[in-house]
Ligand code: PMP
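This document opens with one chain alone, in structure tokens, the form predicted alone.
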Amino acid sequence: MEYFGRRVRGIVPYTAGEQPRDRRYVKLNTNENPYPPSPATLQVLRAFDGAALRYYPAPDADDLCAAIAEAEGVGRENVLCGNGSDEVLFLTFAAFFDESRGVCFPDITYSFYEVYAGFFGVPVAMVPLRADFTMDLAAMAKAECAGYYIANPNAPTGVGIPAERIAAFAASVPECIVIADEAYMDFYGQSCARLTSAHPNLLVVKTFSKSYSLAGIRCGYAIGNAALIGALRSMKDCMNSYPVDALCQAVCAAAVRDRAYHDETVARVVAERGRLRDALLALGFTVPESKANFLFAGRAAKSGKEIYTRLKEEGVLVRFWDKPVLRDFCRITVGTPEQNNKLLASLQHILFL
């Protein structure tokens, strides 16, 4: 007897980065922030009234959305929150695309886009990256589609696009929606959030997982004009009217309001990113200039798979994909100076001893 519907029979799910428990690793494979979250978030956790958990949370995360709106320079009506940016991206597929409204994104980018397109039966036009791993926006603009996903900085390459270029692209395709996935944007500083008021077809998606060191609490948000946000809210209320729990709302609001701590930890990651890239280049790696909290390093004396495997044996986790182009590289999260030194010492041993 067949119990399964078409979606479960045909879908190829997203593969998350491994989270092994067999030993203690230097974990540089899932782009978590190496520094702890804001002390203000820990104060909220300690002071949280557990008795309040018997009540449903604010369905639209009003206080958190207000904190985000103030930080991003937009109105409260321009913000929607969800369980991580992945859920928000899921809602964008539900709201803006279907079997007759296709989507375009690069051939090398965040792989969840292709998974979501398959889930919803959305036609996909993929445009190859250039040889230097930059996006060919001119070629993407020619695609027959109803909208675009632009990870900026891109994953897994880390290459960034200045905000004015994203805005110009959105202006060049006024009949299409442009979704700027800015999961790593705080390590670049070129957000399009404030530009959404001038571009009604531009939607920005962000997360608390990376720069705020809150990957474990699962919260993300979208910024756009009220009509786009209203469409996402309609999809949310068809799936889960209370997506962001009360504790998460309080913790993330505290994180957003502690800008000084956030900016300090971001600066520390950016400084290490530059040092680590210089060291990897000196070891013979090809490393595109990254604007994220990770580096895409490969084409060295060993294959990407051998480097990944040997590093794991030495207690260092990085990310590897056994796919064309990607298999020549590993994606390496920028860790603390101590973690990065361990990585570099291991690579020196793997490559030259």
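Heads up: residue numbers just count along the shown sequence, starting at 1. On a predicted model such as this, the values are computed, not experimentally measured, just so you know.
FYI, the form predicted together with the ligand isn't displayed, but the following is about it.
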**Message:** Residue-level contact is defined here as any heavy atom of the residue lying within 4.5 Å of the ligand in the predicted complex; does residue 210 satisfy this criterion?
**Reply:** yes
**Prompt:** Using 4.5 Å between non-hydrogen atoms, is residue 218 touching the ligand in the predicted complex?
**Reply:** yes
**Request:** Using the partner position in the predicted complex, report whether residue 110 sits within 4.5 Å of the ligand, counting heavy atoms only.
**Result:** yes
**Prompt:** Going by a heavy atom distance of 4.5 Å, is residue 85 a contact of the ligand in the predicted complex?
**Reply:** yes
**Asked** 169, 184, 97, 148: which sits within 4.5 Å of the ligand in the predicted complex by any heavy atom?
**Response** 184
**Message:** Counting any non-hydrogen atom inside 4.5 Å, which residue from 256, 81, 155, 280 sits next to the ligand in the predicted complex?
**Reply:** 155
**Message:** Please identify, from 117-125, 69-77, 201-209, 97-105, the stretch that has a heavy atom within 4.5 Å of the ligand in the predicted complex.
**Reply:** 201-209
